[in-house]
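For reference, the chain that follows is the form predicted on its own, supplied as structure tokens.
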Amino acid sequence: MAQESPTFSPLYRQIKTLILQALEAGEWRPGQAIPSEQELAARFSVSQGTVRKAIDEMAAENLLIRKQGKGTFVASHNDPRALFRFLRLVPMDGDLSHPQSVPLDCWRAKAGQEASRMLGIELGAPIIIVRRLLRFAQKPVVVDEIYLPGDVFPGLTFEALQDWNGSLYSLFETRFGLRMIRAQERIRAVAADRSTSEALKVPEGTPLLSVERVTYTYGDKPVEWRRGLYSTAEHFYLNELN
């Protein structure tokens, strides 16, 4: 039986992995500058070109942000430019003003089969469920039901959600040190049921966009599962492919 060859990883990818490990360990926090390419090259005993290639790839993946004349910084959900990276719903009139997040409920529960599978946690593990409304120009457009691992978000309460002015992800980053790295979404069309029609102020049976998302932090660890229902009467879902 033939043996598999060991997988080769280019040197810059190995450096990228080491930088990711430092980010995961909290060595450099969101919004904080990382060491210069020269300093990182000395730290990892590689050329500056190798470090630059690793950083270029991480910048393309929105993990790092290059600022001309200032250096390279850890990407942050507190950066206004980060909002529409995960929120793909865009007003038809082109107005990209920030939506308002309105918490409707927050309670603790035990993970059922679907939540445990989506979040990679044990059946019956503690979870937090958040229900919230997203308003654009004071109009309700999205209603989300969000499932979070209880041990990752200790102390998350309805009051904390009410008191926060920014996005949910900026709250998770600031209060719990958690950065969302990537997400996987499944989209399909559904009809509004009575509860959703009341929340979004649309007639029952109105076509809606159902967006189910699992979001991952460093180490490809799932830390959020959400089910959102989007009203697209005045909005569309924008996804750039490149």
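Computed from a prediction, not measured in an experiment: that's the story for all the values here. Start at 1 and count along the sequence shown; that's the residue number.
The same protein has a further form, the form predicted in complex with another copy of the chain, not shown here; the description that follows concerns it.
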Can you pick the one in Lys201, Arg194, Lys70, Arg188 that has a heavy atom within 4.5 Å of another copy of the chain in the predicted complex? Arg188
Contacting member of Arg85, His98, Arg117, Arg135, with respect to another copy of the chain in the predicted complex [4.5 Å, heavy atom]: Arg85
Partner absent here, but in the predicted complex, which of 170-178, 36-44, 22-30, 205-213 has residues with a heavy atom within 4.5 Å of another copy of the chain? 205-213
Is another copy of the chain in the predicted complex near all of Leu123, Lys221 and Trp225, within 4.5 Å of a heavy atom of each? no
Partner proximity in the predicted complex: Asn62 to another copy of the chain, non-hydrogen atom cutoff 4.5 Å: yes
Classify Thr232 as contacting or not contacting another copy of the chain in the predicted complex by the rule of any non-hydrogen atom within 4.5 angstroms, answering yes or no. yes
